[in-house]
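Next comes just one chain, in structure tokens: the form predicted alone.
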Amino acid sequence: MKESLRWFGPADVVRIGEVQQTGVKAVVSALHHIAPGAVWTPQEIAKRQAEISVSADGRATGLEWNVVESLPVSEDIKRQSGNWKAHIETYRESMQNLADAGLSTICYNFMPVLDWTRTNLAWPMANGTTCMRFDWVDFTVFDIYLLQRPDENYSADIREAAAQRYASMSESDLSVLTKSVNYGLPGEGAAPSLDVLRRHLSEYQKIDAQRLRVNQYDFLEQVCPLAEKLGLRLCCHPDDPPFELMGLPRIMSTEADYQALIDAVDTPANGITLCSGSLGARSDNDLPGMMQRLGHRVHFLHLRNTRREGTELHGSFHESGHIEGDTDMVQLVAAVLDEEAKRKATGRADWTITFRPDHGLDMLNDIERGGQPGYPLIGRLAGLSELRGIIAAQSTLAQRQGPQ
């Protein structure tokens, strides 16, 4: 398992020299300043590689950019509207430029409108840390009372709870809720208007899950042959959270969704970003089992954990420490190491799987530092340390047991 850390570029409050101090050798990054649908030029790619390889004081970091997260799929491609055909061509051109620069793994997602959704970006934990949280009642308040969408998709109990919650919330509470939900709207700034979100939602009114699924498969059929030729691995990130919100279709939420994706475009270039945090928010997702059954197509790993706050498939959850949530991280790592051993035994060149400690609790001076929600430096380093311990213990155990 190859360690990496996500870095958002020069605008990130975490400096590349601090990433170097964590001991990872690889960086996950993207050209966030380039709009979806535009070409990633060789010059911009080389510039990011240089920014990763040298610290602010001119020292070589020894870090490499080895996973692209994300080369964004435009909303036009997802909807097959507007400039979607031209955007596929620019996507292919960007893939070529990335391969020419030595990159081989491209993470992407096919979530409509929002890349991820939370209702609180700094929910206080009992030990003084903060985390990101999704509260189903708060989200219902946002959907019904702020977005002013119809409420027939919610049960009577949830509608009543939302009415009581809304009556108790101040203008400040509602502002924080709006900013938190809208933070996952890429390219629109930290707090776009509700009208902007309504406009995006309206563009999906005639697109159901089946239509979106067909559009994704069409996209893959047009980019995967080139990816295979270039030696690239595309890996789709799951929905976050993995259930329907605001009437938007969700097509990457379960093991069945991923199996259908693999079957639809059956090439090694078409793979999976297994995110234990996103998928783990559903109680019916068995992460170690998914790794065992789908591991041959897992090209990239996000290792984080969540704690579900109820038994419903669609419910509240918060992000926990990496080994404290509902996903059995020890069993998941064991499944990853088993998959790597299988790959190595069969001679696969890509037998090592890159992972990053995804998200983390804000702790110590993370809280004063601020920065990208979910990406505190110390919180991620704590998670990385825990994961290193699991990996070392599992590797030692496997060596003692010998070949099976």
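Small disclaimer: the values here were computed from a predicted structure and weren't measured. The numbering used is simple: start at 1 and walk along the sequence shown.
There is another form of this protein, the form predicted together with a small molecule, and it is not shown here; the text below is about that form.
Colleague: Among 89 to 97, 104 to 112, 226 to 234, 310 to 318, which stretch has residues whose heavy atoms lie within 4.5 Å of the small molecule in the predicted bound form?
Modeller: Only one stretch passes the 4.5 Å heavy-atom test: 104 to 112.
Colleague: Find the only residue in Ser70, Gln49, Asn66, Ser55 having a heavy atom within 4.5 Å of the small molecule in the predicted bound form.
Modeller: Checked against the cut-off, the match is Ser70.
Colleague: Could you spot which one of Arg133, His322, His299, His302 gets a heavy atom to within 4.5 Å of the small molecule in the predicted bound form?
Modeller: In short, His302.
Colleague: Given that the partner is absent here, does Asp366 sit within 4.5 Å of the small molecule in the predicted bound form, heavy atoms only?
Modeller: Judged by the heavy-atom cut-off of 4.5 Å, Asp366 is well away from the small molecule in the predicted bound form.
Colleague: How about Tyr154: is it within 4.5 Å of the small molecule in the predicted bound form, going by heavy atoms?
Modeller: No, Tyr154 sits far enough from the small molecule in the predicted bound form that none of its heavy atoms falls within 4.5 Å.
Colleague: Can you tell me whether Trp116 touches the small molecule? I mean in the predicted bound form, with a 4.5 angstroms heavy atom cut-off.
Modeller: Because a heavy atom of Trp116 falls inside 4.5 Å of the small molecule in the predicted bound form, the answer is yes.
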